[in-house]
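As structure tokens, one chain now follows by itself in the form predicted on its own.
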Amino acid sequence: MSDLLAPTPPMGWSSWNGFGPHVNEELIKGIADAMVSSGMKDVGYTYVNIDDFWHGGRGEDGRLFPDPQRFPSGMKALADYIHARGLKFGIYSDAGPKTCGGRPASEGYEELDAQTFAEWGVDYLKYDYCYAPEDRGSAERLYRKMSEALKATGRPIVFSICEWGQRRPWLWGRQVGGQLWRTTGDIADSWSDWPSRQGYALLGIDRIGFDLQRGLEAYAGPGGWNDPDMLVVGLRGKGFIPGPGCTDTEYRTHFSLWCLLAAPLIASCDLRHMDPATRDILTNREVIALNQDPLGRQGYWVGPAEVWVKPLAGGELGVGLFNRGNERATVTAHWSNLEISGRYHVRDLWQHADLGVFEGKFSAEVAPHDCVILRLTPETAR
């Protein structure tokens, strides 16, 4: 059996987009329970990740400890609670002297913090880059140092490199020990870019997904994934991160594109109170199967318009027909652009319907900001 960490893109939940600094033991336990009861665990969601602001400080021995008011039972007990439900536990730190929220971070404490996390039962570490040197060489050095510290513990801990794509981590993230690396700045709960509280623009689904992931497909594969940031499906403008919220159509397009991109699927809405539309989007087994396909290929743009293709195991293809515009449009996938020929069975993964056998091309009318997601199977394979 392979010991490769993250052979397919990680799936789970993170506290940041929905709750920001407002994290506590009761919330995280409730999310873990909801991940099971909602059916999300059944379709592959595994990680329950606490982001920034869990910290209480460092003790006289240098060890980190959680905020005693927010996490009175401690992190080991919380990890045990999550593990008892068949899930995995993730935590957050930073490569600089303090986190983005000003809490104690891991620079100079890499070995001690890694050992502490392992003793707590951590399975996933998101490692941010606030207050750290801006040059690429320093980033590589600091991320490698923590990666080696994690490996030295003997516990398999997925390592998420979060330096926002500024130093092109797709070129070096795997080499320094990462299993995923952020390719962009932070996402907004918005189709278009949206102002942050600090005045700079958070990235909308449209630009972060369609524009900023093109050309990165060569750097992704089993054990190492491009990460265009967490899912905002279901936040509806009520989460911690800014944005007016999106329509169900836009959230469906967001989720579909992330699946074709072989991106990590890290939800961030309140799983305890999902509406039916949000649950249906996040638990679509057929679309998730594209993301989790064992071949591990990242989807890529082939045109014309917004046609994206993801090669799958067994000669099948995942194909996305997207409409980024504000008017209905006909979008066509030409076999020549997909680099295939012959007859293919076509299945619509949101309608859960077989559409028939097609040769040469497939066209669909697509509403504004909507998509049609297909699975193409060679006729000879049936």
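A residue's number is simply how far along the shown sequence it sits, counting from 1. The structure presented is a predicted model; accordingly, all values stated were derived computationally and were not measured.
This protein has a second form, the form predicted together with a small molecule, left out of what is shown; the following refers to that one.
Heavy atoms within 4.5 Å of the small molecule in the predicted complex map, among the stretches 314 to 322, 22 to 30, 51 to 59, 349 to 357, onto 51 to 59 alone. Checking 128, 123, 113, 189 for any heavy atom within 4.5 Å of the small molecule in the predicted complex turns up a single hit: 128. With the partner omitted here, the residue from 100, 307, 274, 132 that has a non-hydrogen atom within 4.5 angstroms of the small molecule in the predicted complex is 100. Contact annotation for residue 230: at least one heavy atom lies within 4.5 Å of the small molecule in the predicted complex. Using a 4.5 angstroms limit between non-hydrogen atoms, residue 258 is distant from the small molecule in the predicted complex.
By the criterion of a heavy atom within 4.5 Å, residue 92 is counted among the residues contacting the small molecule in the predicted complex. Proximity of residue 182 to the small molecule in the predicted complex: non-hydrogen atoms within 4.5 Å are present.
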